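As structure tokens, one chain now follows by itself in the form predicted on its own.
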Amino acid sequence: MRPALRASRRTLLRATAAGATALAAGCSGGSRSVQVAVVWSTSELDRFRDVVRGYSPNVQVVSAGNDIDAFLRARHLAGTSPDVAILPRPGLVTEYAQRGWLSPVRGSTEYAVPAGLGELLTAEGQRYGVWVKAAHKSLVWHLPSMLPVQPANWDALVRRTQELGALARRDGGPAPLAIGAADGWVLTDWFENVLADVAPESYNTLARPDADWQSRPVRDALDRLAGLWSIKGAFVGGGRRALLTQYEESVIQVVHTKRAVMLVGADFTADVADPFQRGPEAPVTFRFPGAEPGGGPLIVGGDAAVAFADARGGVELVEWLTRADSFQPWLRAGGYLSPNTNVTIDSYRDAVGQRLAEEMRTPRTLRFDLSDQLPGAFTGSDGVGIWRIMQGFFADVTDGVRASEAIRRATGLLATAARSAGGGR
């Protein structure tokens, strides 16, 4: 999940300005552009604009900022919805569909995604979204010189964290782990990877309306996290400092200042790491470790394209985006992982991209980001929902609270939040 901010005056002003631009384009007398709202900014925005330059008619891309939900709600109220939006959570797709905001869409004949992903974008038997970008969220990043031997499983990760934590306390060496706990989604990514390994059969059930957030699998996953996160010296500056550390800063701690050895982060971590790399040594990755050697389950996130009701050219553009060659400009530039299994592996410019794409096609291991499937505010944003609850749990276990008490508090809050969002027991 990407960080999302609550609706702000800036968001509403951005939506109003973008809507006025769309109306001006529609009244210019020339051929009207198809307008697309996206969450991307900076380099990702530039790369998507390179992609849609290959489409005719012209496409106008508008960056909605971090909170695209607030942006689109404001545009809907103003009667200036864009033709297409790229949404970061499947829950938004189904919610907008149920509100009647969206048109059904179709994929091209070249569109295919791993089992289980397509169903997340349907409502009442109709497809309202297609996946256009994926994120591999089961990676641990490090510099080879800082960690010559990668932990083969969870127990090895714990032992290495204990060893490095002891050295950090004794000699002032680098901390074993960097973590941007100020961003709640970083902690939910950790939780989802552990949960999928501890109780793979229960993972998907927690996205259902009758989910039991005080069940044994949830408690076991939190207990495993508590065992690692409570290790003395595990994080740069300790737990309290980690709760003030943003995700981008945690990447810098590993690849630039070398104040930490390892970082759990998705494939898009490379976009943050590249500008801060010092010298020729580039960071490498290994799979988030499970109980058994060879890596645990694979957690993925993604962005989905939708077309708004009465949009002009929206359905056609969405279909075009699912062609196997549409995202070639982004593939050539790097930093893009396709959910479309008909995109050939040799389309990726480097071995890392090819390996990650191969892993996403491994049957039965893939699970979609759980927090992105949760209803309402429970899905999380700054200071809200599962993000805030996981931050409270992290604060407890890094501050000396017994694991059993921290787990009791967290599961109680999770169950309450689920019920408040209209689900859970």
Partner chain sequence: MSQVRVLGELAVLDDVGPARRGRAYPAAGATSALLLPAAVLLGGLVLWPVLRTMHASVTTDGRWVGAAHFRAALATPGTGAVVGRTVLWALLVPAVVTALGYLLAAASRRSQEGGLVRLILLVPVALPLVVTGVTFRLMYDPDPSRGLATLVATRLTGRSVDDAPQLLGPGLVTVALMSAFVWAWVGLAVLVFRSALDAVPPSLADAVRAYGGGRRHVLWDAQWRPLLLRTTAVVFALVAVGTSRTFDLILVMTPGSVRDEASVLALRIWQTSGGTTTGDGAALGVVWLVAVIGGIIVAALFVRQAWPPPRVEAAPEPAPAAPPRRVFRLLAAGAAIAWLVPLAVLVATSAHGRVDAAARGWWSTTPTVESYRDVVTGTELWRTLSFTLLLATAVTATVLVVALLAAYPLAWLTGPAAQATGLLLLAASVVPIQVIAGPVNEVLGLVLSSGTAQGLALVHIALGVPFAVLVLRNAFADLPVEQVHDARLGGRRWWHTLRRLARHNLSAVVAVGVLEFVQVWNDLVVGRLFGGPGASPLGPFLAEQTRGFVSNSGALAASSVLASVLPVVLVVLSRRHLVAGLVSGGVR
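Numbering follows the first chain given and starts at 1. Computed from a prediction, not measured in an experiment: that's the story for all the values here.
Another form exists, predicted together with the partner chain; not displayed. Remarks below refer to it.
From the list 352-360, 366-374, 60-68, 396-404, the contact stretch for the partner chain in the predicted bound form under a 4.5 Å heavy atom rule is 60-68. Taking the partner from elsewhere, R240 is found to have a heavy atom lying within 4.5 Å of the partner chain in the predicted bound form.
Contact between E119 and the partner chain in the predicted bound form is not found at the 4.5 Å heavy atom cutoff. With a 4.5 Å cutoff on heavy atoms, P275 counts as touching the partner chain in the predicted bound form. Not displayed here, the partner chain is approached by L77 to within 4.5 Å at the level of heavy atoms in the predicted bound form. This chain appears without its partner; in the predicted bound form, the one residue of T341, T257, Q98, T109 with a heavy atom within 4.5 Å of the partner chain is T257. This chain lacks the partner; the member of I345, A282, A152, L244 within 4.5 angstroms of the partner chain in the predicted bound form by a non-hydrogen atom is L244.
Every member of the trio T42, R73 and A182 reaches the partner chain in the predicted bound form with some non-hydrogen atom inside 4.5 Å. Residues D382, G383, V384, R388, Q391 are the members of 381-409 with a non-hydrogen atom no more than 4.5 angstroms from the partner chain in the predicted bound form.
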